[in-house]
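Just one chain follows, in the form predicted alone, and it is written as structure tokens.
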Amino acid sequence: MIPSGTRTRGLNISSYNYLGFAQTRGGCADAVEACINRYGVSACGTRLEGGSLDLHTQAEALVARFVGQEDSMLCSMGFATNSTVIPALVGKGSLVISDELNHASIRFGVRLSGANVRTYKHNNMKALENLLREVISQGQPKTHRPWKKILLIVEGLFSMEGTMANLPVIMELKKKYKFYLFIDEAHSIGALGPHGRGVADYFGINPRSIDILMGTFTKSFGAAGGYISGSRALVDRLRLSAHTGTYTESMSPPVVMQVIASMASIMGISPTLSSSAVTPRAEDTIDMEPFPGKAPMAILPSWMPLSPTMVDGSDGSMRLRRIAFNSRYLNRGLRKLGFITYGCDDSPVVPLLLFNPGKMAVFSRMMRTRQVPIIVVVVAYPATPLVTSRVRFCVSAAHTKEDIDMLLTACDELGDLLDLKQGQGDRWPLKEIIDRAVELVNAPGDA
């Protein structure tokens, strides 16, 4: 592709900016600007060698409060959060059970750990239970000794499929078979659940019953890096044994501030004041308000500028409502037009099946060359099976209903042209979908 040298305003439907916090104005941007004036742009060291700031401790306390765990640890890169922490959790004599569609960072971390690994068919709970029975009864290869540790790793929201982990059934299996559970919430944290707290919030499950919650800040929070959260003993151990604390650069202060400000916007801020000048840790503040609750003032920087919509949580609530509406509207609208899509209605990741790899480049180019260009991502083999080539839409709270209408209109036209409408079920004309959007979104079950 040859750059034209011009600028054209388009509709970006491929970004992970789920809650729209990647913006240049607003309370988060003001907080980041104040942070740069105070700290600069780098901590200039690793967390264990002089690179820890009070901001990092405050952010870890806030993340733990946000996800409902005792403590948390930050990592400056999302991919490295998995690839450097998993080897510290399991090793030789341990078994990792992994969903077949888990992210490459999980696969890489498991490979580095030296643990045995078994996979099961994507989101198939019967296959998972059969595998659990087999590995527990047979034990380790050759010796048949019991496994030192069995760790199940799943994603909260699978980024290529738009499907959620069947967490209620997994928790029942966890009680029955006594394995450890690791959930990668890179795409679900912030974007799912009535309070934006991820897949556990979506299903109404106590996050303390999950051993390890991992997530990234690159999607819903408009920042960079990731986190690991769990019990205080576990996180303290990982601070020393995981490579992320020893070898990776600390998160940049402005990035940490973006995380703090965006999480505080989602949570709202409780006016609780700290009686101590010492920066509080997560264990000092986690019980100040029942989960899910507001962010205690005590764990926020005292100099942080606070907008009224951040304090009362109205900004975050508005973003959560908009991402929920946009996700359901696009998912259900595409199905009513006759397309085949993967995933659940509430997923902000919407894969639309193109099937034929030859149609991918045509679909992408025709979207990009419209009067208002629409930027999409098309995905094919080897990232997906050869016959399930797809375009992956990622909706955001920053999108308006008019933006989704524009996308549905373009898909309707290209679907007829490229013969993509292979879905079954009741179909609606485009105008009816646009006019009855609220009714479509509020309809129970899969509309």
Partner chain sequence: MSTTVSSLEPLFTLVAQSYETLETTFYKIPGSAVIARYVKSSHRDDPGRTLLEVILIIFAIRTLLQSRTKAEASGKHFIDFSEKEIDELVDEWTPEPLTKHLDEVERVDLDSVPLIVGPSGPKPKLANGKSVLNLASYNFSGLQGNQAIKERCVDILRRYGLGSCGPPGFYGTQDIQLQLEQDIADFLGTEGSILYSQAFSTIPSVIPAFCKRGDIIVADRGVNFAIQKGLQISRCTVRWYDHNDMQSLQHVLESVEKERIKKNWPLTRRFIVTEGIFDHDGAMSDLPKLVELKLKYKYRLILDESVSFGSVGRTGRGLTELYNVPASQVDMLIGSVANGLSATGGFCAGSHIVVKHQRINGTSFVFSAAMPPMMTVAASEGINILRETPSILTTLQENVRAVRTILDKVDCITIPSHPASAVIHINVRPASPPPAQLLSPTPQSPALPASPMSPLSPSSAKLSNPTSVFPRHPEHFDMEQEERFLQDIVDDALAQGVLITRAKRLRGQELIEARPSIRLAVSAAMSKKDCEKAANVIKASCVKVLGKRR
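Numbering follows the first chain given and starts at 1. Remember, it's a predicted structure, so these values are computed and weren't measured experimentally.
Absent from the display: the form predicted together with the partner chain. The rest refers to it.
Trainee: Taking the partner chain in the model of the complex as the reference, which of T369, S302, Q138, N206 has a non-hydrogen atom within 4.5 Å?
Mentor: By the 4.5 Å criterion, the partner-contacting residue is Q138.
Trainee: Can you work out whether the partner chain is within 4.5 angstroms of a heavy atom in all three of S76, K149 and V376 in the model of the complex?
Mentor: All three within 4.5 Å in the model of the complex.
Trainee: Is K178 part of the interface with the partner chain in the model of the complex - any heavy atom within 4.5 Å?
Mentor: Flag for K178 set to yes.
Trainee: Quick one: does N331 come within 4.5 Å of the partner chain in the model of the complex, counting heavy atoms only?
Mentor: Close contact is absent here: in the model of the complex, N331 is far from the partner chain, nothing within 4.5 Å, heavy atoms only.
Trainee: Does any part of R321 reach within 4.5 Å of the partner chain in the model of the complex? Heavy atoms only, please.
Mentor: Judged by the heavy-atom cut-off of 4.5 Å, R321 is well away from the partner chain in the model of the complex.
Trainee: Whether N326 contacts the partner chain in the model of the complex should be assessed with a 4.5 Å heavy atom distance threshold; does it?
Mentor: N326: no, not in contact with the partner chain in the model of the complex.
Trainee: Of 410-418, 397-405, 61-69, 30-38, which is the one stretch near the partner chain in the model of the complex, taking non-hydrogen atoms within 4.5 angstroms as near?
Mentor: This holds for exactly one stretch, 30-38.
Trainee: Looking at the partner chain in the model of the complex, which residues in 196-235 have at least one heavy atom within 4.5 Å of it?
Mentor: Contacts from 196-235: D211, I212, T218, G222, A223, A224, A233, L234.
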